[in-house]
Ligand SMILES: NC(=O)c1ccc[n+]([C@@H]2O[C@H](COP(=O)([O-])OP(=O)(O)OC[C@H]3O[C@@H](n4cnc5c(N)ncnc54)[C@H](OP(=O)(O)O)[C@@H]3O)[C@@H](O)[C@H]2O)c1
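Here's a solo chain for you in structure tokens, the form predicted alone.
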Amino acid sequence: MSAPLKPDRCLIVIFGASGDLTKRKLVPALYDLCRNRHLPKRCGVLGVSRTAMTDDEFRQRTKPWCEKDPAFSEDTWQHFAQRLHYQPADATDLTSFKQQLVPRLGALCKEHQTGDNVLYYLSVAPGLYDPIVMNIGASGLVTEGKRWCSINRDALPWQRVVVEKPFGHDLDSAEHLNRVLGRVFDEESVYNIDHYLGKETVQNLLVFRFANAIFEPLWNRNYIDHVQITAAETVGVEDRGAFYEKAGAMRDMIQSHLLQVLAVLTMDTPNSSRAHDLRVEQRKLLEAIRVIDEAQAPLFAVRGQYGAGEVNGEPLAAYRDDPNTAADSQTETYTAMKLLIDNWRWHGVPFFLRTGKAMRRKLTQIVVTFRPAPHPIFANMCGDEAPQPNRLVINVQPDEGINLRFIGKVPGQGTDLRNAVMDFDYAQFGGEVQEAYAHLLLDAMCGDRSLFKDRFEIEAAWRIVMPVLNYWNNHPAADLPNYAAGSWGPAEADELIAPHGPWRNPEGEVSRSKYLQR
């Protein structure tokens, strides 16, 4: 989050290059960086997977996704394609790694004049992380190692690794993964990526809080009643049923994305915008979240699974009807969770997180509801429209922006009060909103870890959710599925938030101003 850094020359090695993430996100993000002239001049990309492909076949496989860029240019593509290469290899087999991958990597470093700077990206199944990382180390490809040097470390060659989520399946596996990474890479060379932190509106949270003196004095238990964080999707599991059976909404969204957003939203003021200072405060916040006893899970968390329904006028089959899911699956496609932060700033303020698939609207937003005025002297002057508490809504997607609800007087005789909204549309700033992966890849090339999670944050997040996951594993639910596709989730979630609720559920496709006042 500091001033923009200049990316170093480097070779980017993507393991899992034949996978969906590489095709849909990573190569298009790199093309976007090339189009905007953010890639260093001396930079190459090497895709690695077991699938047999030539360089040209790899380029043709990924080009249609780059063409989705509204500003796509054939000239830019041809320039970018010359940087794009592919090597078929089994990266989990040390012999194949040394005989096929190492020589190609060395040749491309010379061809693109990248020196020994290499950015490794693990875009593979989590079970492959261990052998690939160990093979990188066993092949002597990490020259930076764990040495300490008194000279300027910025002048030394570097090797970094970007680790795609999920960061483990539970606390034990996350701790194991961190140990494996630590045997090969320095902690400062490990970039645990969470694409939510690359979204412009999430990044703007820090600026909103710490560059504007009018809000920070109110950002505590004395003025805030409760907070809602929602990440709702209209799609079901689509063709990811096999993956989702092993993950579920808690692991896929709460443990990673939403807890990290919560940390950014609620952490104390860092000493600076440098990566180290940001991570210190985020870690302190996550470690302050109350870890409940397993027996308390029903009081703090709700699980749901969608049944058949209709989304945006189209029928959607139940989760259990997917051919890749079990007919009696216990996997949650919806999770709502109540969290308490045991520190001076937030003691007693409930934070409600929810996420779900096959929901009525696609929506990612943060809703901060302030306490009502201590003495409502205008309580009888609002006509048919009851006064509502002040509310700050941060829309992450869609309609990125921030709005604040307050109460105002209608012009005319008498005192007729109405709810009003001040609205900031993120598009008002102009400029091009960069795709999250493009932003984060550039940061990794620059050596900026501000928007990446460290091992301590990851392990703290697992400690928060493990009691709920353990309870659900030991107590199968008899009521699944318990919400229809196209709804706002199970009724139990409404009961969870009822003392402070309801959930903010915008309905219908209306104009922006009306939508924001709902």
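Just so it is clear, the structure is predicted and the values come from calculations on it, not from any experiment. Note that residue numbering begins at 1 and tracks the sequence as displayed.
Although not depicted, the form predicted together with the ligand is the subject of the following passage.
For the chain shown alone, residue 401 is not a contact residue for the ligand in the model of the complex, no non-hydrogen atom being within 4.5 angstroms.
When the ligand is considered in the model of the complex, residue 158 lies well away from it, no heavy atom lying within 4.5 Å. Mapping the unseen interface onto this chain, residue 50 counts among the residues with a heavy atom inside 4.5 Å of the ligand in the model of the complex. For the chain shown alone, residue 91 is a contact residue for the ligand in the model of the complex, at least one non-hydrogen atom being within 4.5 angstroms.
Scanning 136, 392, 444, 124 against the ligand in the model of the complex with a 4.5 Å heavy atom cut-off leaves one residue, 124. Scanning 209, 165, 371, 345 against the ligand in the model of the complex with a 4.5 Å heavy atom cut-off leaves one residue, 165. With the partner left out here, the ligand still marks one of 125-133, 230-238, 295-303, 69-77 in the model of the complex; by a 4.5 Å heavy atom cut-off that stretch is 125-133.
Residues of 335-374 are not found to place any heavy atom within 4.5 Å of the ligand in the model of the complex.
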